[in-house]
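Presented as C-alpha cells, the chain that follows is alone, the form predicted on its own.
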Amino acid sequence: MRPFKVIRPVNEKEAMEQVSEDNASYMAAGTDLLNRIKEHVASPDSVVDLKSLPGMNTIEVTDQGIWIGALVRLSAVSSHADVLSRFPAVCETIIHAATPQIRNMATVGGNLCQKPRCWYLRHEGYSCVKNGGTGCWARDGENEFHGIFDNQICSATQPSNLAPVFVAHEAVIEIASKDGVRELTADQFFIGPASDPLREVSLEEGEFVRRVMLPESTRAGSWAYEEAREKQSFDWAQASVTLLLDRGGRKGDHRVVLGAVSPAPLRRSDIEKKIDGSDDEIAEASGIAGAGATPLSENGYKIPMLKGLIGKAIRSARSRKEG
C-alpha cells in the first residue's frame, strides 16, 4: 500500500481546506477507500479523517422527519426504533447490505459516496472514461454484473444499497460546501455518466455529506425491498426493487426504484402507474420491467430477474398492507 498522511480536522472549514490544498481524499470508516488504495486505483498523499468532526454521528427525530448523520454506522440506523417504525424499508435495505461486521463499521455517508465495483475501474491496468480515459471496457468485455439501463457511456452500476430507498423516500442530502450548507434531494444527488462520467454524486471539490433527512411526508405503510444476488453470503445485488405504496397516505403516490441495473438509482414512473390495485397489476407492472433496457452480451438475464422481483415486491407490499 502506498504510504499516506492522516489528517484529523477539528472543524468542517479545516477539512475542506486540507482536501483543497493536498492531494487528499475524505475518509469516514474507510471500508471503500482503503480497498481502493490497496488496489492502487486511488493514491492520495493525505487522507482527511472525518470521524473527528462533531455533530455528524447522531440520529435526530423531528416532526418533519428523521435526520441521520453521515457518520452514523449502518447497523445503528437499522436498529434505531424510530427509523424502524417510520421508515422500515430503509432498515430492510440495510439488513441486506454486506455483512454484520461491515455494517458495524460502514457509515451512511460512506455508503452513499462509494465508488462503483466495476472490476475494470478497480484494476490499475485499465483506463476508462470513469477514471479519465476513454470508452468502457465492460461493454465488450466481462459485463455480467453491469448495467442494462443508461449504459452507453459507462455501464458500471451504482453500488450504494441506500441509494434506491433514499430516492424512493425523496431523502434530503445536506452537504457541507465552501459557501456554507446546501441541500439536494436524493434524485439530484446521484448522477449518471451523461452528467459527469467521473462522478457518481453531485459533490463539488472539497464538499462532503453532513447528514440525510428522511421526510415524514414520504412514510409508507406498505412497502417492499427485494433483491437478487449470486450468493446469499457477502455479495452485491445483481438487481433490486424498492417499492413504496401510497406514501404519506396519498392514494396512488407510489415509488418504484430499481437498483444495481444502471449507473444511478432508476425511478420507474411507468411501472408506478401500473400499480393500481387491479387483478392484473402484477402482470402489467412486471411486463414492462425491461422497457428501455439495452442489455450487454452477458447481462440480459437481469430483465427476467427484474420481472420476478417486481412481482414479488408488489405481492409483499400488498400482503403487508392487508396484515
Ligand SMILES: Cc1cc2nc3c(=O)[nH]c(=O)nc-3n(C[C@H](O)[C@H](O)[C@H](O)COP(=O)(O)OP(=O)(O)OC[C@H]3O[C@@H](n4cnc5c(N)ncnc54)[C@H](O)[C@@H]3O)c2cc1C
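In case it trips you up, residue 1 is the first one in the sequence shown, and so on. Quick caveat: nothing in here was measured; it's all calculated off a predicted structure.
What comes next is about the form predicted in complex with the named molecule, which is not displayed.
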Check your understanding: Which pick from R199, R219, H80, H96 sits with a heavy atom within 4.5 Å of the named molecule in the predicted bound form?
Key -> H96
Exercise for review: Could you tell me which one of I275, A264, V257, L50 places a heavy atom within 4.5 Å of the named molecule in the predicted bound form?
Suggested key: L50
Check your understanding: Do I271 and the named molecule share at least one heavy atom pair within 4.5 Å in the predicted bound form?
Key -> no
Check your understanding: Is I66 a contact residue for the named molecule in the predicted bound form, using a 4.5 Å heavy atom cut-off?
Key -> no
Review point. According to a 4.5 angstroms non-hydrogen atom cut-off, is T294 in contact with the named molecule in the predicted bound form?
Key: no
Exercise for review: Find out whether any non-hydrogen atom of L74 is located within 4.5 angstroms of the named molecule in the predicted bound form, and reply yes or no.
Suggested key: yes
Check your understanding: Heavy atoms within 4.5 Å of the named molecule in the predicted bound form: which of the stretches 81-89, 160-168, 244-252, 177-185 has them?
Key -> 160-168
Exercise for review: Between 28-45 and the named molecule in the predicted bound form, list the residues on our side with a heavy atom within 4.5 Å.
Suggested key: A28, A29, G30, T31, D32, L33, N35, R36
